[in-house]
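Listed next as structure tokens is one chain, alone, in the form predicted alone.
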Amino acid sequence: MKDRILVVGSLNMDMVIEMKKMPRIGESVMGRNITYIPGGKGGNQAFAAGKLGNRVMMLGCVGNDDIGKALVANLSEIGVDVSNVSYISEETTGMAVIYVSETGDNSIVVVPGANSACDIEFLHENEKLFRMADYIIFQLEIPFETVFHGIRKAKEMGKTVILNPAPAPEPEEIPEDIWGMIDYLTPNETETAKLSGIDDISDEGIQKGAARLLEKGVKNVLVTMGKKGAFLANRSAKVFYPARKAEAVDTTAAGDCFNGAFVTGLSEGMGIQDAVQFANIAASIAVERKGAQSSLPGREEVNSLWKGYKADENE
């Protein structure tokens, strides 16, 4: 039986605006299209893991409005347990405005709304989910103090903790005791640079940044590097895992897809190498499609490419 995953995090509706190029400061550009797509880092990661066939519980807050109900329904339709998502009457559902250029690059502005109500008391009220879970994954689109409390509670219960540090805080905003409680830290290149204080996103800089994060006490640093793939560093290994070549259409939620697929692999008993490669394949599919949750792949299509990738390795 697969281990159970708990995702603690944000639920947003993404308003995606397509344009030829990103505007510079003070510049106005014409958009080509606008669509509304369920998102939020927490919701995306839960959706990714759920669509890959995992046992996933979502813990977060939405407004008591049509958008919030649509987000919850979207997760429920693929089998994510949303019975403990809270509807907040005093707040609107979180929104993210995402600008996507024709090259697939994106820029995002997040308005948290009801996600701000995901506080420590809310975690206390849902502590039973922590006991039920084997893997607990957090991001930083809900209040920091909630995340840090959740990490402490998860480690107190002996759970495996994954922190996707996005949006990245200043390093001093993370309490010193938290670093050593993180089993897997999954930043991207710029987040690695910010958290480590090594402002260099070259391959060499990423290795130095990951080493500094390990010195803080993190057990595994797994850096997502876009089309380059991923870099894993721990006390016994430093390995680059190349990505599958893909024609990027929209990189929105690629990192969330990677995280959801990675924790899926771990929960199914994959070794860390297989879990990283499985996540790389899933993320490579996501960037070939538009949107957040609408871009996330199902298990059959990931398996078909992953098995081919494994076969190539063995030749």
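Quick caveat: nothing in here was measured; it's all calculated off a predicted structure. Numbering starts at 1 and follows the sequence shown.
This protein has a second form, the form predicted together with a small molecule, left out of what is shown; the following refers to that one.
Problem set entry | Position in contact with the small molecule when the complex is considered in the model of the complex, options 123, 243, 108, 181, heavy atoms within 4.5 Å | If I apply the 4.5 Å criterion carefully, the residue I get is 108.
Exercise. Exactly one of 213, 98, 72, 117 has a non-hydrogen atom within 4.5 Å of the small molecule in the model of the complex; which residue is it?
Worked result: The residue in contact is 98.
Problem set entry | Contact check for 189, 192 and 209 against the small molecule in the model of the complex, heavy atom at 4.5 Å | So, no: the whole triplet misses the small molecule.
Exercise. For the chain shown here without its partner, which stretch in 272-280, 37-45, 258-266, 62-70 has non-hydrogen atoms within 4.5 angstroms of the small molecule in the model of the complex?
Worked result: In short, 37-45.
Exercise. Does any heavy atom of residue 52 come within 4.5 Å of a heavy atom of the small molecule in the model of the complex?
Worked result: Residue 52: no contact with the small molecule in the model of the complex.
For this session: Indicate whether residue 58 is a 4.5 Å heavy atom neighbour of the small molecule in the model of the complex.
Result: Judged by the heavy-atom cut-off of 4.5 Å, residue 58 is well away from the small molecule in the model of the complex.
Exercise. Given that the partner is absent here, does residue 253 sit within 4.5 Å of the small molecule in the model of the complex, heavy atoms only?
Worked result: Yes, contact at 4.5 Å.
Problem set entry | residue 296, heavy atom within 4.5 angstroms of the small molecule in the model of the complex | Looking in the model of the complex, residue contacts with the small molecule do not include residue 296, since no heavy atom lies within 4.5 Å.
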